[in-house]
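Before any questions on binding or motion, here is one chain by itself as structure tokens, the form predicted on its own.
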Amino acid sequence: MSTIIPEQETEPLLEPAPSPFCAEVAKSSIVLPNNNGSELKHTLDDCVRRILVLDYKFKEIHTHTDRRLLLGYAACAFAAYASAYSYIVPFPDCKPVLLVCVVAYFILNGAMMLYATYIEKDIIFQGVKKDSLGLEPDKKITVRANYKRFTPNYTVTFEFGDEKDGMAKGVRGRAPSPIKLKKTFGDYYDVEGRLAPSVLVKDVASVVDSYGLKVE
């Protein structure tokens, strides 16, 4: 006597959430000259930032940009004051003030360049993502990008942490090692220089999803 085994209901496979970034790029494709490595790199940097903001809802932290702007505005203020003062007070009576303003201008500009070179370095994005329920510490991310001139190599480094422990410690007090994506421009651009957004989204997702974050 044969036994009839009832069919088991299988759960439908969940499709990955659509990428808002891909939807944005689909409205107007990005095409660049393949021989301009700097432009290819900066475009990928911008795309990585957009993916983290649009797809993962990170809020960008503008600390480095704000500091560079502050130094730049201060330098411009000294230059403007020197120009106005020399217009009001005739030369050579204005020489002491002009000397101070010129020295201050070059010091502030030098400080801005040193800050960008030795402190900000290769950081292209810093962001924070708050827990919607307020139960978990805010997630933080720092992204660095490197490109060597006259080569097609493009490397993106992701560093994770949380608001409570900072970038040094991640989930449950562990110190997650930075995750590197070592790619080439050919992985993201076709022979005509057209960006393949879905490939870039997939690579970024492979890193960010491993930290427990999903596309929203």
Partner chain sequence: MDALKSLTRMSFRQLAQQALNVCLIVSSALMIWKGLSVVTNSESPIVVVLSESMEPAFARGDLLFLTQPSAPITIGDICVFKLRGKAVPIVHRVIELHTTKNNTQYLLTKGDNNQVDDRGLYNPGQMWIKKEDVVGRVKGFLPYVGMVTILLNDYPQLKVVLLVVLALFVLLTRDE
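Quick caveat: nothing in here was measured; it's all calculated off a predicted structure. Numbering follows the first chain given and starts at 1.
We do not show the form predicted together with its partner chain, though everything after this point is about it.
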{"query": "Every residue of 19, 22 and 159 near its partner chain in the predicted complex, heavy atom within 4.5 Å", "finding": "no"}
{"query": "Contact flag, residue 153 vs its partner chain in the predicted complex, heavy atom cut 4.5 Å", "finding": "no"}
{"query": "Contact of residue 32 with its partner chain in the predicted complex (heavy atom, 4.5 Å)", "finding": "yes"}
{"query": "Contact flag, residue 41 vs its partner chain in the predicted complex, heavy atom cut 4.5 Å", "finding": "yes"}
{"query": "Any non-hydrogen atom of residue 26 within 4.5 angstroms of its partner chain in the predicted complex", "finding": "no"}
{"query": "Those residues of 92 to 125 which, in the predicted complex, come within 4.5 Å of its partner chain by heavy atom", "finding": "95, 98, 99, 101, 102, 105, 106, 109, 112"}
